[in-house]
Every structure is written in C-alpha cells, then in structure tokens.
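Next up: a single chain in structure tokens, the form predicted alone.
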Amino acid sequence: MKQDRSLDAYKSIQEEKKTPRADRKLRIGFIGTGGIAHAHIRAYLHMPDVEIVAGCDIVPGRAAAFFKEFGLEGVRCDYKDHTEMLADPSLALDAVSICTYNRQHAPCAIAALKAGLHVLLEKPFTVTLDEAIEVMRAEKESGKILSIGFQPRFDENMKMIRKIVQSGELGKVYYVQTGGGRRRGIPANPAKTSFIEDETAGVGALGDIGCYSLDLVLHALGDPKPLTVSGYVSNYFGKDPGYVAYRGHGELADKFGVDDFGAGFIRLEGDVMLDFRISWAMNMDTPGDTIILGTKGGLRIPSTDCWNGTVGGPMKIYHEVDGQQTETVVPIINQPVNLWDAKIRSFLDAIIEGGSSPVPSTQIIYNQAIIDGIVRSATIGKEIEIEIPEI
C-alpha cells in the first residue's frame, strides 16, 4: 500500500485546456525548408488559426518544391535568402519557423527578432555559446517570443521525470548520468551532408541528439547553471571511409568535420555532478540508462535504441519503505498528443495570449553552454569554467 501511495504522489489530474484562438489567422513564414521543416509544416497545417504565407531557402527551387509537396498555393517563396524575405512588408508576418542548418540558426534568429517577429527556432539553440548570447540580446531588445524546438518537453513521461525530482522523493540529488545514441546512425548520404560538414553543422551528435538528452535531466533538476566542464569529442567513425553507411561513397569521410561521439563531466550549481555521453556511432547498443541519484532515492530511466525524445520503458524508483529496500515502477504514460503539434500549438498560444515562451532561451542557454564547453574543453584538453554573461 505504501508503494502505491508513493507512486500516487507523482500523479496529477490533467485538466482539459481550451486552446485560445486568434481573432485572425497568424501569418507564418519559413526560413529553411529542408528536412526538419516537414515536421513543422505538418503541425501548422493542423492549426486552423494559421496561414503559411512565405518561405525561403538558400537552395534555389527547394522552397517552391517544399510548398508544392504539401499542396500549398500562393505561398511567396521567390526570395534569395531570409534577409530579402524579412524585408518584404507586404507579407505582414507574425512569426517564423527557423529550420536551417545549425550555423544559420543565430543569424536568422537575430534578423527575424530585429524585424519584430516571434521566432520558433529549431534545436540546437546555436553552435556556440557566444552566438546564443547574441540571439538572447536580440530577443530582449525585440520583446518578442523566442521558443527553442524541444518537443520532448511536451511528452508526459518527461513531465513525470520532472515531477518525481521536484517532489523531493529522491532527496538531495548529487549525481546524474545521461546520454544515448546510436550504434550506427550517422545522418548522412551523398545528397545530405549538411549534418556532417563543419561549415553547415558546426556540431554533430552533441547538437543533434545530445541537446535532447541534456534537456531531459537539466529541466528535471530545475535548470541549474553549469559551472565547469571537462569534455571529450571524437569522430573515428565519421572519418572512416569504410563506415558501413558510406559504402560506395567514401568521399563522405573527407567531408566529415563534426563530432560523432561526445562526452563530458559537468559540475552544476547545487553540488550536482553530471556524467554525459552521446553517440551517432559506436560499438555498443547504448551508452547506458539515465540515472538520477539522490540521498533518499534513485531514478532509473531506460534508454532507447535511438534517442527519440522519450523513455525506453517503465521507469523505476529505488528507495526505502519502512526501512526495507524496495522499488516503485513508474509505468509508461501513453498519450494521444502529437509532440510536434504540441510544440507548435504552445508557440502559437503564447503569441495569441501575449504569454511567455514555452521553451525559453533562459533555460536552454545552459544546455548550449554545456555543448559549447565540451567542445572547447576537448580542444584544449583540460577542464574549463563556464561563464555566462548577464543579458
């Protein structure tokens, strides 16, 4: 019975929330119409209070093909770049989705904010910490909403992890292990190299899936500030012409300029040690489950085969009940909500209500600081301090 009461402590009644509607359709533009833009547009098309009016891409013809694929007519997409699109007053845009490759996140976000638009920026936030700081300065000056694209935040299982930690059931958390990745899963082929080239991606596995894994635990802990980082990165698989995904395309190894594996020890505020590792390719099925150790209990979160923004199975709390060591199983929460729809809807609702950002830069800046710190630490071969200036 005590075990049941313990589990009940983490449950909450989900109140039905009525979605507010704008008094007119919100006018949305796209900056970048590559792979991830497809998930954005599918979600927008589910929203009756949205009108997609414009888009641009630096690859000639790609924006037009993108909108045609989704049966959208009359969408302006004859712009050479985002600067030209943002300068067109006839569009009367309310917001943009930025779906470019990583190195264009910062300049596009800054330009859109300075143009007075709300911004939904795909993850990772940026490539470097300095870039993220500049985006946040533009955000503050604009007074507009900037939300970062972390749809796992809307997964009920992720919310449950945060509830458990914040409830105090684990006591004082002092050590966290997290990560994930793929045994063989470098996202590249001869027609798709923007993920692996330094001039477009800037970071590899760290920014692609590592940011998700970091957000899982950082947000559960209450978004503590990182203080120091000792980092490691490598790209042994990506630079190997014999890598299985490159068969017949050995030249991809020559283009590979980012990490395919990254790891770090991070000291967080509150005397918490974070042990992190992430992989696009490795000789292992998983680098391990996520575990959160506290003075009163420990939480194990099963890993997934390919980090996909949720949990790999029922979670388990290890604790004591009346002096007896016991485990409480936290079952998977099945939800009908599409996480991409939830991400887009939360962004639109914040615009309509004049509310705050659903996934604010003030939280994700710590995520970006860790990724940036791992890369910088690995470059110089020693631990570094993380300094985040006031915005």
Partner chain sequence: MNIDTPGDTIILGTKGGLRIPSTDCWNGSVGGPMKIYHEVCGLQTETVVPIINDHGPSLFDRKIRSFLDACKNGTPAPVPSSQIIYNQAILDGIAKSAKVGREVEIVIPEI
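Numbering follows the first chain given and starts at 1. Predicted model, so just to flag it, every value in this text is computed and none were measured.
There is another form of the same protein, the form predicted in complex with its partner chain; it is not shown, and what comes next is about it.
*Asks:* Looking at the partner-bound form in the predicted bound form, is Ile384 within 4.5 Å of its partner chain by any heavy atom?
*Replies:* Yes, contact at 4.5 Å.
*Asks:* Counting only non-hydrogen atoms and a 4.5 angstroms cut-off, does Phe261 reach its partner chain in the predicted bound form?
*Replies:* Answer yes; at least one heavy atom of Phe261 falls within 4.5 Å of its partner chain in the predicted bound form.
*Asks:* In the predicted bound form, does His319 come within 4.5 Å of its partner chain, counting heavy atoms only?
*Replies:* Contact check for His319: yes, within 4.5 Å of its partner chain in the predicted bound form.
*Asks:* Is Thr295 close enough to its partner chain in the predicted bound form to count, meaning some heavy atom within 4.5 Å?
*Replies:* Contact with its partner chain, yes.
*Asks:* Can you pick the one in Thr286, Thr310, Thr128, Asn102 that has a heavy atom within 4.5 Å of its partner chain in the predicted bound form?
*Replies:* Exactly one residue meets the criterion: Thr286.
*Asks:* Tell me, out of His219, Arg300, Lys144, Lys123, which residue has a non-hydrogen atom within 4.5 angstroms of its partner chain in the predicted bound form.
*Replies:* Of the listed residues, the single hit is Arg300.
*Asks:* Counting any heavy atom within 4.5 Å as contact, can you tell me which stretch out of 176-184, 203-211, 79-87, 104-112 lines its partner chain in the predicted bound form?
*Replies:* Contact criterion met by 176-184 only.
*Asks:* Though the partner is not shown here, which residues of 217-237 have a heavy atom within 4.5 Å of its partner chain in the predicted bound form?
*Replies:* Heavy-atom contacts within 4.5 Å come from Thr228, Ser230, Tyr236, Phe237.
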